[in-house]
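Shown here is one chain on its own, the form predicted on its own, set out as structure tokens.
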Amino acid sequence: MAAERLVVIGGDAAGMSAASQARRLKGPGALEIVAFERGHFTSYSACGIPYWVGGDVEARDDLIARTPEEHRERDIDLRMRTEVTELDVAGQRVKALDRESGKTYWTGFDKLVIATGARPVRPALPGMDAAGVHGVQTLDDGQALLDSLDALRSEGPRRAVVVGAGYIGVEMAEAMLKRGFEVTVLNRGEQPMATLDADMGRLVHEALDGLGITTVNGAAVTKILTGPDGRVTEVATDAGTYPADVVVLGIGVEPETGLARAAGLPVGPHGGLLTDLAMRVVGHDNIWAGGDCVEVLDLVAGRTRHVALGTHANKHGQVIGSNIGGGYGTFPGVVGTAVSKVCDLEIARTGLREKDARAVGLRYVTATIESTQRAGYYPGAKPMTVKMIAELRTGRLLGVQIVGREGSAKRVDVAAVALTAGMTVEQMTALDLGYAPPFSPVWDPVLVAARKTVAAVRGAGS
């Protein structure tokens, strides 16, 4: 009897984690694994690209966890530079295009994993395809950006315009600043970091200004202007025009689900594939999906959302590979935790923003406190702001946002655990957190915020 064949579409975190876990549980004689990757690299950290571009990470290969050769040594038939262009669900086969030779062919499957990732949002505006305009989703994208920077003249002004002020945008703004560019961030929203409430985003704006990064809010890009050589020269917005030698798109990403949509597989309101707790595509017993191409359950809001993070993608792959390999695993959902930094400014959030709470019909109170990340008398103590959101009647924690200096961002993990456990802010005030002056004031800022939020809940109730 021939071994079952597993086909994996996508050679990064979710896809290759699934393939590797399935191989660990099932030997070569029991399961044949064929994986397709359209790019040049596998199993790499896309989250590390801004730090490679900015020079904090010295070499591209430092971001690669496992090479194609290493996967093949584990008896995975990994086919690089090969793009799956069609999915025949009924016939249980995929059509692949070898990008080097131009050859196309069909490959059958017994089980299928879709891990096609996400693509940078690239508005359909004039000039968006001009030379010098770059997205930064893959290692290929990062290499193209570095090649473009190397081609710029070394003398005279070096001006970078970053379009978008979310996580990708602010991280790329830092990277371009470190490379000696004058940096302008164009943000169509009220404040940078729309993943935060506007009052916390204002703190990020002030910090960007302090670093010498110009942030323009309420600026929607209308077109990219180019010179005679076809290279970008300016970015036009409804708020003005800004000179640019290079443009980096940090508008965000959207699920890469065109292949799945064409095959009739179910997608959610945010464009991601819908799966059950085992990461199996809804309605299809032999198809799984994971990573940036799926929607996941928000445990706080009770709705699906699209969250493109490598942490989730690797967990999805482990769950999928376990289930395919004869084991058992589930992915229950997320609370929406994310951290980032711009130079020495740290930014973190978990759970719901105010508008998220309103959107799902929750009434809430908020509290914001200012503290320091260490004891105030200890050398290196720096400001830290914590905003907490709790349900009006019950006091259940709904969300936390943190903006501060070194040692601030990872405090959000305490809140993420509290959210996952369904804790109230009053319960949080009794948490036994670690204390020593180099690490925290005697009352940790998260606990100070919880105490103030408890008072807000009680005040609203009375």
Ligand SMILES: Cc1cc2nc3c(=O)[nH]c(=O)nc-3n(C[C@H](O)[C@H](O)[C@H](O)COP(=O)(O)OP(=O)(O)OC[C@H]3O[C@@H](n4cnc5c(N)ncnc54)[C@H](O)[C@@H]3O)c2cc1C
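Quick caveat: nothing in here was measured; it's all calculated off a predicted structure. In case it trips you up, residue 1 is the first one in the sequence shown, and so on.
Keep in mind that the form predicted together with the named molecule is missing from the display, and what follows is about it.
Exercise. Among Leu309, Leu146, Ala263, Val282, which has at least one heavy atom within 4.5 Å of the named molecule in the predicted complex?
Worked result: Checking each option against the named molecule in the predicted complex, the one that comes within 4.5 Å is Leu309.
For this session: Go through Ala118, Ala194, Leu345, Ile251 and name the one with a heavy atom inside 4.5 Å of the named molecule in the predicted complex.
Result: By the 4.5 Å heavy-atom cutoff, the listed residue in contact is Ala118.
Exercise. Using a 4.5 Å heavy atom cut-off, are Gly272, Ala301 and Gly351 all in contact with the named molecule in the predicted complex?
Worked result: No, none of the three is in contact.
Exercise. So in the predicted complex, does any heavy atom of Glu83 sit within 4.5 Å of the named molecule?
Worked result: Yes - in the predicted complex, heavy atoms of Glu83 and the named molecule come within 4.5 Å of each other.
For this session: Evaluate Phe36 for contact with the named molecule in the predicted complex, applying a 4.5 angstroms cut-off between non-hydrogen atoms, and reply yes or no.
Result: Residue-level check for Phe36: yes, a contact with the named molecule.
Problem set entry | in the predicted complex, Ala22 touching the named molecule (heavy atom, 4.5 Å) | Answer no; every heavy atom of Ala22 is more than 4.5 Å from the named molecule in the predicted complex.
Exercise. Does the named molecule get within 4.5 angstroms of any non-hydrogen atom of Leu431 in the predicted complex?
Worked result: Answer no; every heavy atom of Leu431 is more than 4.5 Å from the named molecule in the predicted complex.
Exercise. Counting only heavy atoms and a 4.5 Å cutoff, which of 204 to 212, 362 to 370, 129 to 137, 237 to 245 contacts the named molecule in the predicted complex?
Worked result: After filtering at 4.5 Å, what remains is 129 to 137.
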